[in-house]
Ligand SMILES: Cc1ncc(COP(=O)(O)O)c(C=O)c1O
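First comes one chain, alone, set out as structure tokens in the form predicted alone.
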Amino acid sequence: MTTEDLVARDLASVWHPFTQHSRWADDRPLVIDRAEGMYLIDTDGNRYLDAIASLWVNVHGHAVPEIDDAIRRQLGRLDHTTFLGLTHEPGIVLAEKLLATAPGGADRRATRVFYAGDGASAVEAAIKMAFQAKAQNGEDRPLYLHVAEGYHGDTLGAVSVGGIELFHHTYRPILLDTVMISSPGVRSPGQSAADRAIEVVAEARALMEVQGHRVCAVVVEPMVQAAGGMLTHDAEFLRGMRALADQHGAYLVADEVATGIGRTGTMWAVEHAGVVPDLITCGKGLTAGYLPLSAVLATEEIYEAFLGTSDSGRTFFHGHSYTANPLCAAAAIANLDLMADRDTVGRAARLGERIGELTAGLAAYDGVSEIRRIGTMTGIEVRSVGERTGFEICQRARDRGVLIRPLGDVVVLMPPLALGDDDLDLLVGTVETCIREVVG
């Protein structure tokens, strides 16, 4: 098939996510054929640096021999079995490895892993756990507290605790009951991140004084609201929300689908604040970008709320056909082993620092409003000069062999955690050139 044939067939039959199809054909769609290391290769043989880690999931690059081999070995042994009432070694081993990395203290730590399929399904499971655990402990708490500009996925429960109006406002009439506080990442001119964190925690405190007895869970994205535009916040926000949740008897749910597994330079973003959540979700980088798998890590307190007799109705009646698929679990185990062997989290922290150094000159450019970064998660907000300024910058970068995506007028850099120095120089140099060309 030629590229033209494949594009024509796609346009005739496929509906892509987050894509305005009335314009997509004019945007010259790429057809990706294969991948090698940090690069994707299209059907015309053009190579592109995968600088958004295939939507923030890739860790070590593509075609990693150790992960390829782990999947092949598992495929020769067990492709799939239900996890409802059955178990298997990959699911057990992966749970143990995840719990060994989880943040914890003497009074609170994750002890149980519940598997899901993607970020949204992990969030769905977590918010249902929070509600049902409270209900089974005799508490009537139908509300969730969440944060403006938040994003937790696209299923209805996940949308309920989201706060990006462009994505979520259409569905408000059919969503769960929630109360929303302002984003700690949206600051007034000249306001420090620390002052903004204190301000938003005060807002949350006032709200919880009125509604706290009805809130089952406080849902946050630790340190970075990624889809909101790489909005970063001070660690004091997380510490404040942990304290408020404890004071009012609510659970703290940390959605680390985007921020976890090393993206912020620590294994879990909550480590920046020294906070231990009651429920923590992960996904994206869990399998190094190979296969769909996510998980919820829960404390023993929450787990025990679901124990009872067979006819007690206390079971967590939630799951999926492919829960804990052994192939996905095998990929995740190989990924976590590689991360440990290669000190990937430490390398990610150093990679993030290098991104900060390389973008320092761009931060002083008049066409850049702000550069926000924690670890490797970087957003460059540019001055708008047209309807799709961010998109135009990314298109020009693509023409130079670098794949990135915008969030409005925020150009996002989220490379694989194992990106090398030469590729990082290419990435930042290309982005800077394109920003200066488009913004002027």
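It should be emphasised that the depicted structure is a prediction, and the values quoted were computed from it without experimental measurement. All residue numbers are counted from 1 along the displayed sequence.
Omitted from view is the form predicted in complex with the named molecule, to which the following refers.
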Query - Contact check for 149, 233 and 379 against the named molecule in the predicted bound form, heavy atom at 4.5 Å - result: no
Query raised in the report: Of 364-372, 251-259, 182-190, 235-243, which is the one stretch near the named molecule in the predicted bound form, taking non-hydrogen atoms within 4.5 angstroms as near?
Result: 251-259
Query raised in the report: Is there any non-hydrogen atom of residue 162 lying within 4.5 Å of the named molecule in the predicted bound form?
Result: no
Report task. Tell me, yes or no, whether residue 119 is in contact with the named molecule in the predicted bound form, where a contact means a heavy atom of each within 4.5 Å. Result -> yes
**Report entry** is_contact(residue 289, the named molecule) in the predicted bound form, heavy atom dist at most 4.5 Å
**Finding:** no
Query raised in the report: Might residue 153 be said to contact the named molecule in the predicted bound form, defining contact as any heavy atom within 4.5 Å?
Result: yes
Report summary line: Restricting to 28-66, the residues within 4.5 Å of the named molecule in the predicted bound form through any heavy atom are 56
